[in-house]
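Single chain ahead, by itself, as structure tokens, in the form predicted on its own.
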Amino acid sequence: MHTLLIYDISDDRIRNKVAETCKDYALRRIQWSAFLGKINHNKREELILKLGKLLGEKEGNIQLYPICSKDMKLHRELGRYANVRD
């Protein structure tokens, strides 16, 4: 199942660690603070636990959305990417 993960974290160190953790789970950056990828339920739960530990009690917000294949087929995209892919 696809997973969309978005976050808003002001602390640069934590935000960078969140991004690196997303990459560790084979999620690809689609916006500066948004990652998308296909991971299974167990990995998704593991990821959210790791990110919860990273964020701790610090200010910030992380949201993770499972997206089924049927809904992914409805995905539409407009515009061009700025240099956000790495």
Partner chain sequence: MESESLVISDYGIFIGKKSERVVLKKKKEVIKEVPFFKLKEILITTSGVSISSDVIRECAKAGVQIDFVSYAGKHLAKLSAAGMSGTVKTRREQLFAYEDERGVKLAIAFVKGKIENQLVLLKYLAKYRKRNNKKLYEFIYNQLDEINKIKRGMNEIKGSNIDDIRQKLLSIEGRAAKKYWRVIKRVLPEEVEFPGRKTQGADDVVNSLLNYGYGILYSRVSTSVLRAGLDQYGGFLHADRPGKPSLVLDLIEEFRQTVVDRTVIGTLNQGMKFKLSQGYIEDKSRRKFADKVLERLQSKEYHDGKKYRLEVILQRQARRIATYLREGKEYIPFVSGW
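Positions refer to the first chain, counted from 1. What you see is a predicted model; the values in this text were computed from it and never measured.
The following text describes the form predicted in complex with the partner chain, which does not appear among the structures shown.
Taking the partner from elsewhere, D12 is found to have every heavy atom lying beyond 4.5 Å of the partner chain in the predicted bound form. For the chain shown alone, A26 is a contact residue for the partner chain in the predicted bound form, at least one non-hydrogen atom being within 4.5 angstroms. Contact between E20 and the partner chain in the predicted bound form is found at the 4.5 Å heavy atom cutoff. N61 falls outside the set of residues with a heavy atom inside 4.5 Å of the partner chain in the predicted bound form. Of all the residues from 21-57, those having a non-hydrogen atom no more than 4.5 Å from the partner chain in the predicted bound form are K23, D24, Y25, A26, K38, I39, N40, K43, K50.
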